[in-house]
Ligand SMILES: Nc1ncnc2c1ncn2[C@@H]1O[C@H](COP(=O)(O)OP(=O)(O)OP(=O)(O)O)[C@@H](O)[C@H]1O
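One chain comes next, on its own, written out as structure tokens in the form predicted alone.
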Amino acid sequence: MKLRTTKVEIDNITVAFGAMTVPENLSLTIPTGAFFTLLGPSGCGKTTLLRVIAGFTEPKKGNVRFGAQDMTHVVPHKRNTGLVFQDYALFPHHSVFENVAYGLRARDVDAKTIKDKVNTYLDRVGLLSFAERAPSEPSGGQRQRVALARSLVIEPTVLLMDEPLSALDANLHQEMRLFLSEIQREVGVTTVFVTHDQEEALAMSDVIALMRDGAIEQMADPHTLHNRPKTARVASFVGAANLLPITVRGLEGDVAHCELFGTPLTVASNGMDRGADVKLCVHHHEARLAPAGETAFEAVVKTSAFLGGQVSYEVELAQGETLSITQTTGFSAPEFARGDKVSVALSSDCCLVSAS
């Protein structure tokens, strides 16, 4: 069943905390039905922006719209938003059924409709058999499913989730990541998801807004944000890419002809202009190690960590720069040990990014 949903528009929002304003003059549009993620480090303003959308924080200026409706001064309980938090926020003295039913009872929904809807959503999240249990009985992942059912049962216009997976262990985290993605796409509700975990954001989102100091550094789909970051800061945060000094000699459309440590190299121009202050962005999978002498870029292996299907290396180039490189194992792929002399091959899919 698809829910009625809408786009969310943030227009020139400023939030004041004393003399500090974070965010300031921020505008963005969240498309109808999108899984939209606010990504960034602690203190960047992502949770504040979520609270503005929910109505818990009043902006100093600017507007919030759900579709054509101005919600800027509408109180939280009248915005028809579903909320899922890190700590589940379940009522310990009520059953799982009553926790999910809470929002419907607050809306004076009749008893039969409450029973039907609660059972429908508990079944949808795989917890119908837990209906009469205390919320402390299910596991952490199951409690998060209860919280999700409680948010969806009111059939929200917008679903807001603030770091909902950060309290889960690694196995549950992976399971719930897939589960949330599937449920969101099934019901089609516009979702705003807050996280500091870039892997989580890349795996789940339709659109990601990377925030820094209350501003949006770059907003794009996961593939673009990871593979074509616009700035060195985005490249560092999303994918922890290597950044190398490079000289641009010429541009031909999407291709940049460059020199790296005096060696010619062709990479993606990524929209950069000749003469701009740029760096070369090299993701861990965009460099390959080979025996010494096979390429122009000589290096020494500083660390080697076996990760099962991959080996993670740190190598030091002859020019003193350090590169992090990940290579898959198997199919007779060569492996190297600490102290080995190697050479490094760089993919033409590496790209330029703004250094500033």
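Every value quoted in this text rests on a predicted model; they were computed, and no experiment measured them. Residue numbers run from 1 along the displayed sequence.
One more form of this protein should be noted, the form predicted in complex with this ligand, which is absent from this view; the next part is about it.
- Of the residues Glu163, Glu286, Glu217, Glu200, just one reaches this ligand in the predicted bound form with a heavy atom at 4.5 Å or closer; this is Glu163.
- Exactly one listed residue, out of Gly67, Gly43, Gly62, Pro31, brings a non-hydrogen atom to within 4.5 Å of this ligand in the predicted bound form: Gly43.
- From the list 298 to 306, 325 to 333, 43 to 51, 311 to 319, the contact stretch for this ligand in the predicted bound form under a 4.5 Å heavy atom rule is 43 to 51.
- A residue is said to contact a partner when one of its heavy atoms sits within 4.5 Å of a partner heavy atom; Ala337 fails this definition for this ligand in the predicted bound form, lying far away.
- Interface residue remark: Ala345 is not counted as part of the site for this ligand in the predicted bound form, having no heavy atom within 4.5 Å.
- Annotation for 7 to 39: interface residues with this ligand in the predicted bound form are Phe17, Met20, Val22 [heavy atom within 4.5 Å].
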